[in-house]
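Only one chain is given next, in structure tokens, and it is the form predicted on its own.
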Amino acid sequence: MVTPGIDPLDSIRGADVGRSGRGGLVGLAIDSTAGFAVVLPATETTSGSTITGPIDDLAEALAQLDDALAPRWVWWSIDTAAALVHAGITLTTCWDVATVQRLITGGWRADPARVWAQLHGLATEMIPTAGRIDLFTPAVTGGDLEEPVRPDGHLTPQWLADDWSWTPTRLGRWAALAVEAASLQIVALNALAERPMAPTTARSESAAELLCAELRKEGLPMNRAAAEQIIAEFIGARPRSDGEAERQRTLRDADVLRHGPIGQFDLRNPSQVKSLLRSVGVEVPDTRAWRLEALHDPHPLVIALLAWRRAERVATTFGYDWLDEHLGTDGRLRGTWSGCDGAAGRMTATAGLHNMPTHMRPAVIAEPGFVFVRADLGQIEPRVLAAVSGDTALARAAAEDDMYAPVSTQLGVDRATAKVAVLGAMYGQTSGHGAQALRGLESSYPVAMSYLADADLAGQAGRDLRTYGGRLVRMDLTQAAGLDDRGTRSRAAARGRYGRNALVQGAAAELFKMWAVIVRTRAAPFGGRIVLCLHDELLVHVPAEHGGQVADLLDTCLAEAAHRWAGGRANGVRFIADIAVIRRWSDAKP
């Protein structure tokens, strides 16, 4: 601990941090009132130490330590990353304890008390709490509140409370515990002998969580006037009162109901919509949009109903209220981002950032003097399948710009059928269009198909799986309790389909995030900032004069990401991306 009264920055400048400690784990804890604490590791030439200081010195302290040690900064969760981003501090490498624990144990829950208990072999059901006591919650008794770890090994619950009073000393202890947790996680990851890429995945997943904190602050550029014009085309001008909004709603309904018989039909009630369709001779098992769109020579009522649904979605989800809530006065649309969906590990976002209708994309416009560099990974899941399964024949097909072309030739079917067969194999659809070609896949690409079949069988049996990068995918059997034989078989089949897809989708998500965090670092010197990560698509906001350079950079970063992700074992699989420099998101090729 730095001596009280000594300037912490002077202690850093004068400290012999030792170059042999470069790249090591350095703990970091931040509180807006108590300041910060940095826990430096012991090296061959120095002993471990803790540096504390006021929040105003945080940026300079981290910059000096980053230059001296190039450490991997360790913190408990995205809250610390968010505090850094809020302070305008940019770090490159980190270790997010919660994110890594989700990778190791699966699921979403990764609060410090649970993570600590799991890493130390303690019963999670016995985690103490400082809240309400009942039959299922152990009471908190005894113990020294200045000790973050109780005599029974669990974390002291008061340290986890929102109203905990932090001090520099306490921050130092908390940062040291984060380093201890990270060290235990590294041991656990290295023990996954069948998943040697797990430590690499943990590092990139942590950086992806840091990117998520930046995405929360950065926001997606959106032109309010353009957005309101698009909304008005669907539902009319912004209503000036609740009554006017209700009149607009009634008029939208009338545009549909005029095509049917006189009567009362609620368009927001699926059963009544089926009755309305039946009244004009349209019989459908359900009223899903894709089913209505597939009707041959549709009735005018069907056409009007599909248009109504698009307008209704705008009115209820992506309308004026949506803009008012999420679009800032600076013209940036902001939501909450997470690097993991709790299942196979895909990035998620709120505020409509991950499900914005295509018709709203013309309103996503780069700011004056800037452009977007948009990159979309091509045929990513079948290419990932070729890599993770080790199927050399499928890898040869993935060497082509369009890997479905050689697959179709191999199977003796047209390209569309080959694509349906490959996607069907990954999603567990073994009947319908492409089923015959699917049998051809099993003989032409037996290694890849066996990889999927094994995942399917494991899922049906309720055995947990791990993605190529080491993420645990849980197969929950509890939902099957109480089902009859038919229900049990149906549930098992669903788990099998989920298992085969989760291994491919999860590995693809790991590759995508590794690509994203590399782009984040490499594009920064050009003023480029990632503003959207949408499934397999990146949108980078960059000064116009650097648009071409960043476009080339994204392709180079993809090759680097593929090499890191595969660890040199990609079997020659080629990963491609459609990259374009555009002004509006809608200018991108669909």
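Note that the rigid core is defined as the largest set of C-alphas that superpose within 1.5 Å between two forms. Note that the structure is a prediction, hence the values are computed from the model and not measured. All residue numbers refer to positions in the sequence shown, first residue = 1.
One more form of this protein should be noted, the form predicted in complex with the DNA, which is absent from this view; the next part is about it.
*Asks:* Of the options Pro357, Pro300, Gly243, Gly412, which one has a non-hydrogen atom that comes within 4.5 Å of the DNA in the model of the complex?
*Replies:* Only one listed residue qualifies here, and that residue is Pro357.
*Asks:* Counting any non-hydrogen atom inside 4.5 Å, which residue from Gly328, Pro261, Gly153, Pro270 sits next to the DNA in the model of the complex?
*Replies:* So the residue touching the DNA in the model of the complex, by this definition, is Pro270.
*Asks:* Consider Arg288 of the chain shown here, and say whether it contacts the DNA in the model of the complex, taking contact as heavy atoms within 4.5 Å.
*Replies:* Arg288: yes, in contact with the DNA in the model of the complex.
*Asks:* Does any part of His535 reach within 4.5 Å of the DNA in the model of the complex? Heavy atoms only, please.
*Replies:* Result yes; His535 sits at the interface with the DNA in the model of the complex.
*Asks:* May I ask you to state whether Asp401 is within 4.5 Å of the DNA in the model of the complex, using heavy atom distances?
*Replies:* It does not: once the DNA is placed as it appears in the model of the complex, Asp401 has no heavy atom within 4.5 Å of it.
*Asks:* Heavy atom to heavy atom, is Leu323 within 4.5 Å of the DNA in the model of the complex?
*Replies:* Outside the cut-off, so no.
*Asks:* Pick the stretch from 73-81, 172-180, 348-356, 193-201 whose residues have a heavy atom within 4.5 Å of the DNA in the model of the complex.
*Replies:* Careful reading of the contacts points to 348-356.
*Asks:* What residues in 490-514 sit within 4.5 Å of the DNA in the model of the complex, counting heavy atoms only?
*Replies:* Sequence-ordered list: Ala493, Ala494, Arg497, Tyr498, Asn501, Gln505.
*Asks:* Aligning on the rigid core, do we see the C-alpha of Asp402 shift 2 angstroms or more between this form and the one not shown?
*Replies:* Superposed on the core, Asp402 moves its C-alpha less than 2 Å between this form and the one not shown.
*Asks:* Does Ala307 shift between this form and the one not shown by 2 angstroms or more at the C-alpha, the core having been superposed?
*Replies:* Result for Ala307: yes, a 2 Å-plus shift.
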